[in-house]
Structure formats: C-alpha cells, structure tokens
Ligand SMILES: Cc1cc2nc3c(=O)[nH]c(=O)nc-3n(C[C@H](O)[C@H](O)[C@H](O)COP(=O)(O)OP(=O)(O)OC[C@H]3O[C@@H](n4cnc5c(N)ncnc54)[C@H](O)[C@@H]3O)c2cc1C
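This document opens with one chain alone, in structure tokens, the form predicted on its own.
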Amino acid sequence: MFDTLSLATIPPEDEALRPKVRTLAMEAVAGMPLDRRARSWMGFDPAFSRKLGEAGLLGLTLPTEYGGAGRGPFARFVVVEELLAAGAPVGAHWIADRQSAPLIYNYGTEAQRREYLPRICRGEALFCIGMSEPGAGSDLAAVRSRAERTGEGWRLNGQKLWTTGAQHVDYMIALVRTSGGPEGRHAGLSQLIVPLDRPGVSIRPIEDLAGDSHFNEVFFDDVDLPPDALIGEEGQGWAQVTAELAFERSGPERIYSSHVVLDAWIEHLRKVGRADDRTAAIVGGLIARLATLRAMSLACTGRLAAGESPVVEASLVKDLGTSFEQELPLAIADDLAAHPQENPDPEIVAALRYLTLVAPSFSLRGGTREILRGIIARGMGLR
C-alpha cells in the first residue's frame, strides 16, 4: 500500500562526500561538449568508472568485506546527484552499482557475493539488465525466455530487447522462465547471471534517432550456464525483480537526465541579461518542480535507509520525474525560439536537439508510464 512520504535530510557525513565527487565529475567532463554531457546515463567510460572505484565511490552501500564502503543509501544519493548534475559518463558502472550489486548481495549465495561484488566496487565487473522482451515490453510477467535444468546446470533460450549497454558489458542478470508459461504470470520466474561472452549469446545494437546505439537486442541460443548462475531461489524472480526495480526507480537518476541543459540555459539568460517576469516565472517553475522531485527522491532514499522497499513511492517519483525530464528541454527550446535575436550557443542547441530526440525513451526505461501508474493505483487502493 502507498504510505505518506516523510521529508528526509542527507546526514552530514554523507553530504561531506560532495566536494570529492564534484571534483572527479568536473575533471571527467572538462572540455566535453554539452550534448555529450547530456548523454550522461549513456556515456560509456570504463576508465572513469574504475577511477570512481579507486576513490571508494562505487558499492557505497555494500559491506566492507565485499569491497564496499559500508555506508547507507544517502551516500549513494550524493554521488549520483553530483555525477548526473555534471553530466559525467556513468554508463559503464551504472547498472552494476545501482541494482545488480544490491540484488546479488540480498539474494545471492556467499560464493556469488565473493565473486562479483568486489569487482563491481572496483568498476571492473559491468552488468546490464535482461528484463524487457519482444511482445512483453514492461509487462515483465509476460517474458518467454526460458532456462531449463540440465545435468551441468542451465540451458537458456530466448531474446531480450532494449538492453542498455549489452554490447559493452560483461554480464546480464536475466529474468527468465524456469517453469510454467506466460499464462502463469508471476509464477515460475527466476533470475540468472549470464556471462555475455558465452557461446550462443549474440548481441545486435539498435541505432536510435540520434545516431547512438545504446540499446540492443540480445539472443540466447542454447546457452549453457553453470548451476550457480541462479540468483536466489528458483521461481522467486518476480519478488526479487520487484525489489530490484525499487532501487532503479527511486533515486535522483529519474530527475537529472536533462539537468545540464537547464544549467546552460540559465547561464545563457545571465549572459544576455534577460530577467523579465515571464522568464523568471518559467525558471522558477522548473526549479520548483526540480526541488519537489528531489525532496520526494530523498524521502524514498530515507525509506531505503530504514530497510524498507518503497515500490509504490518509487514508481510515483519515477513517473513524475521522467515527465519533468521530458518537458524540460521542450520548455527551454520554446523559450529560445521565442527569442531568436539572442543567438544561443550552438552547444545548447546541439544538446536540445539530442534531448528532444531521446526524451521519449525516458518514460520507457525502468517501466513504462502505464505500468507505473498501474502500480501506483494498486498501492492507493484504486484498482
């Protein structure tokens, strides 16, 4: 059920991380064009990820015995907020740090924890998410990829779609059927760790309108996996993936996808000296929405810090956050178009062009708007 979100404050010891993270982030984006910074989520830079690992800024919430920092979710909030606000390239370590590591820690065997978590914390083991499929999309209960037990472990067949970064990373955590069929909905789903260099795995990048190839189709053709590929208990994949998605949907990553262009636009307004009431109202409205969403995201982080899984609340933040991220570049583009005499910096125009092309995907990644609103409605007792 939906519960009231209580305001939360970042503890001083976690806030103290900010200068260190900001320095690393600004070093990473020094000289980087604004449209590349706008690709922060998709910016794939393994060397930068390893640098974050060396600085102790990955795996912050994991115990020190597994290479983590033994800190809480607020520490990660600070790190993520600074990296995204700067437009730093986080794509290499993003998924492993945000959700693969907590999933393995919470549900994996001790051997799996020892195998994967220290390398994730060093920025050396990179993961992608194997959830969406053709004909299923965000309806994860409809997945058809299947893994069957063999004498040596598992044999996997099927296909995943819209898999971010699959062509670059080492592993996929795939949600697959190990029993039953789609008619059984949540029953029979399990999660497997799939090394993407295994025979039978093929990856086909999908080029988007911006000319980038972040998404992929991934095909499994009789892929043999060892017995310990299974994470958690067989048939408990739905409960596990639901908890995993709370990590994906609740953080500041659902607010800052368009942030670098907001900063650039405000700097443009200062440069040209535009300070009329209409402009002030637009700027104030956008910043007020951003501040509110940040407070909601911090409230979800507070729930995570208390050991809870704010599935409904995180879905609400994700839905509202991606709407903001989609509307922000359009509002800025409309404003600049209404003042053609100002001749905005070409970098702002390039960043707006990119964000306008990719913004529709913001409400797809992490669950479509329709799926999220169904979760919210159920949590509020409306369906």
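From 1 onward, residues are counted along the sequence shown. Quick caveat: nothing in here was measured; it's all calculated off a predicted structure.
Heads up, the form predicted in complex with the named molecule isn't pictured, but that's what we're talking about next.
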Of the candidate stretches 103-111, 126-134, 218-226, 259-267, the one with residues having heavy atoms within 4.5 Å of the named molecule in the predicted bound form is 126-134
Indicate whether the candidate residues G43, A85 and A351 are all in contact with the named molecule in the predicted bound form, with contact defined as any heavy atom within 4.5 Å.
no
Which residue, Q159, T164, T178, Q240, has a heavy atom that falls within 4.5 Å of the named molecule in the predicted bound form?
T164
Which listed residue (L17, I10, A25, I371) meets the criterion of a heavy atom within 4.5 Å of the named molecule in the predicted bound form?
I371
Does at least one non-hydrogen atom of H214 fall within 4.5 angstroms of the named molecule in the predicted bound form?
yes
